[in-house]
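One chain is shown next in structure tokens, namely the form predicted alone.
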Amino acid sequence: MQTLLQFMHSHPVRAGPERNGFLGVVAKSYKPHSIVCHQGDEDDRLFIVKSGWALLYRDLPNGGRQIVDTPVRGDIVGFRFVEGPRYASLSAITELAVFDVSRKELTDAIFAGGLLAKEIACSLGRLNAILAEHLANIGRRNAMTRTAHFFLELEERLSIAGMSAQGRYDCPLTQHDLADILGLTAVHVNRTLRELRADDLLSFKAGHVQLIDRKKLVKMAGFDNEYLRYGL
């Protein structure tokens, strides 16, 4: 079975030769719709996605939820320097495999310095930029542009992870998931997707996305993929 060290060597964020013990950890598997961790839990774990699709979301007092992110291969989930309750839940959409690492082990690796620490910092900085774009999406973009921006971002992230090619990718998100991601109603999402398809810009059907006219989508959404770059 593939260990975390082997995985990081094969991923755009690559681990160096450090001999931290936690890099020998083997991924755990979760069935679709199972909960990996709950909002409010105070355990010491964080997760690195090996494969599959997941949702990171906050439950709201009114019974709704806001999906904060859709972590994909290589993403770090639940990292924090201090102890305390989790701010969000993580659940599997499809079969999901994650590396389960303790917060202390990862923070010790960061403080130890070296290539691994730099790569972890790079990954966390990228995640921060992604969350900032998601905030801008919900706060300032209209339904068409925020939907286009989200699917462009997803295509870029999946392409880096080797899960997208030529503007086409599989996407198991439902319209209700998209509503909770984009801050819209499911009816509004359905109408927006129809408009994007009618304008020959984007198609989302039966779990498959096709960016029909990527150039126009990028211009309409003001999409700049710079915030998604990996780099040291």
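Remember, predicted model here, so these are calculated numbers, not experimental data. Note that residue numbering begins at 1 and tracks the sequence as displayed.
Although it is not shown, the form predicted together with a further copy of the same chain is what the next lines describe.
Student: So which of 161-169, 197-205, 174-182, 24-32 is the stretch with heavy atoms within 4.5 Å of a further copy of the same chain in the model of the complex?
Tutor: The contacting stretch here is 174-182.
Student: Can you work out whether a further copy of the same chain is within 4.5 angstroms of a heavy atom in all three of Ala92, Phe150 and Thr192 in the model of the complex?
Tutor: No, because Ala92, Phe150 and Thr192 lack any heavy atom that approaches a further copy of the same chain to within 4.5 Å in the model of the complex.
Student: Answer for Ala117 alone: is it within 4.5 Å of a further copy of the same chain in the model of the complex, judged on heavy atom distances?
Tutor: Residue-level check for Ala117: yes, a contact with a further copy of the same chain.
Student: Quick check on Val68: any heavy atom within 4.5 Å of a further copy of the same chain in the model of the complex?
Tutor: Answer yes; at least one heavy atom of Val68 falls within 4.5 Å of a further copy of the same chain in the model of the complex.
Student: Heavy atom to heavy atom, is Asp224 within 4.5 Å of a further copy of the same chain in the model of the complex?
Tutor: Flag for Asp224 set to yes.
Student: Contact with a further copy of the same chain in the model of the complex for Leu56, defined as at least one heavy atom pair within 4.5 Å: yes or no?
Tutor: Leu56: contacts a further copy of the same chain in the model of the complex.
Student: Between 120-156 and a further copy of the same chain in the model of the complex, list the residues on our side with a heavy atom within 4.5 Å.
Tutor: Contacting residues: Ala121, Cys122, Leu124, Gly125, Leu127, Asn128, Ala129, Leu131, Ala132, Glu133, His134, Leu135, Ala136, Ile138, Gly139, Arg140, Arg141.
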